[in-house]
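Single chain ahead, by itself, as structure tokens, in the form predicted on its own.
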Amino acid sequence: MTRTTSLYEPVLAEMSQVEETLSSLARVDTPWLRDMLAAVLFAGGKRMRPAVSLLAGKFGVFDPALSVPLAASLELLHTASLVHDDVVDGAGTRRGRPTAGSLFDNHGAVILGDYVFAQAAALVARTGHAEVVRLFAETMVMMSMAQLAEDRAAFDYNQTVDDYLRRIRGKTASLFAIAAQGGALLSGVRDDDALALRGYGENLGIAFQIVDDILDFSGDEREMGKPVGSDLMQGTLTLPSLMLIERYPDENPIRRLFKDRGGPEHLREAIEVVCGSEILGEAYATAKGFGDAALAALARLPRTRERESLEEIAVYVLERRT
């Protein structure tokens, strides 16, 4: 049993239905579209967002006919955003596999991402739940605005930790938030409990992204499936790099890297300085603070096997290496 299989144990049957839903979308008559969808839908993701949504739904009257489409739509929304991110970043690989842009060219990848977005919207509409559909649309707006903000701020040295947290709330945490809240709302969970689950999802998402950004400095390139330091090479400041700037505002390798718009020697130096200091430990402590907040948000909910799984996911997010 893999780690994620163990974490998702209470909803494994429904996760299989999510996989079947995704597979059905890839069973199209057009061979080239079938190949494109297969390349992005089955590229080795952890399916954490649909799992959180399904687990949240178990606190109420669970109906797979509603909860599975929502869970699948969230995975599609996540996948489409990654396809577009890779085009913006010019990334050649993700999770050790070629990106859609490198397989089909950037024009094809952008349109493929649009197609997957559209399929996500069609699936969430099947729930017939107006508030969940509204939250889904709101989440798409938040993710898009955060991505725009990141793109506009590329190689901008004058950013703050607050700017960073605002950005990752929109880009990453908003999707975890709707996963938890939306799954609960579909099952008729009380509004205050659904909001508690949203708090869990948002804090989990922030912790998840901070750990991702730590691993961009300290992770194993083979395990990560992408080059170490790729965020800095794209001009994106994350928590570890912002902490370095706070310590050495006037003279540090990130300032030199941004001035030259890239440069392997400056990147290498920045990674060495961050990894050789206490910065990663402090960044991890920040991630743990958000992980603890996610756990605290669950305290009002009944202690069930599903709640234990959500708690275990929060611990796993902090411990993961990929």
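Residue numbers run from 1 along the displayed sequence. Quick caveat, the model's predicted, so the values are computed rather than measured.
Keep in mind that the form predicted together with a further copy of the same chain is not shown, yet the notes after this line are about it.
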**Request:** Give a yes or no for Val133: in the model of the complex, does one of its heavy atoms lie within 4.5 Å of a heavy atom belonging to a further copy of the same chain?
**Result:** yes
**Message:** Test of understanding: in the model of the complex, would His84 fall inside 4.5 Å of a further copy of the same chain by heavy atoms?
**Reply:** yes
**Interface membership of Arg222, a further copy of the same chain in the model of the complex, 4.5 Å heavy atom rule** = no
**Request:** Classify Asp193 as contacting or not contacting a further copy of the same chain in the model of the complex by the rule of any non-hydrogen atom within 4.5 angstroms, answering yes or no.
**Result:** no
**Item:** Contacting member of Leu215, Met243, Leu165, Ala125, with respect to a further copy of the same chain in the model of the complex [4.5 Å, heavy atom]
**Value:** Ala125
**Item:** Segment that reaches a further copy of the same chain in the model of the complex - one of 174-182, 244-252, 147-155, 205-213, heavy atoms within 4.5 Å
**Value:** 147-155
**Item:** Heavy atom within 4.5 Å of a further copy of the same chain in the model of the complex - qualifying residues of 26-50
**Value:** Thr30, Trp32, Leu33, Met36
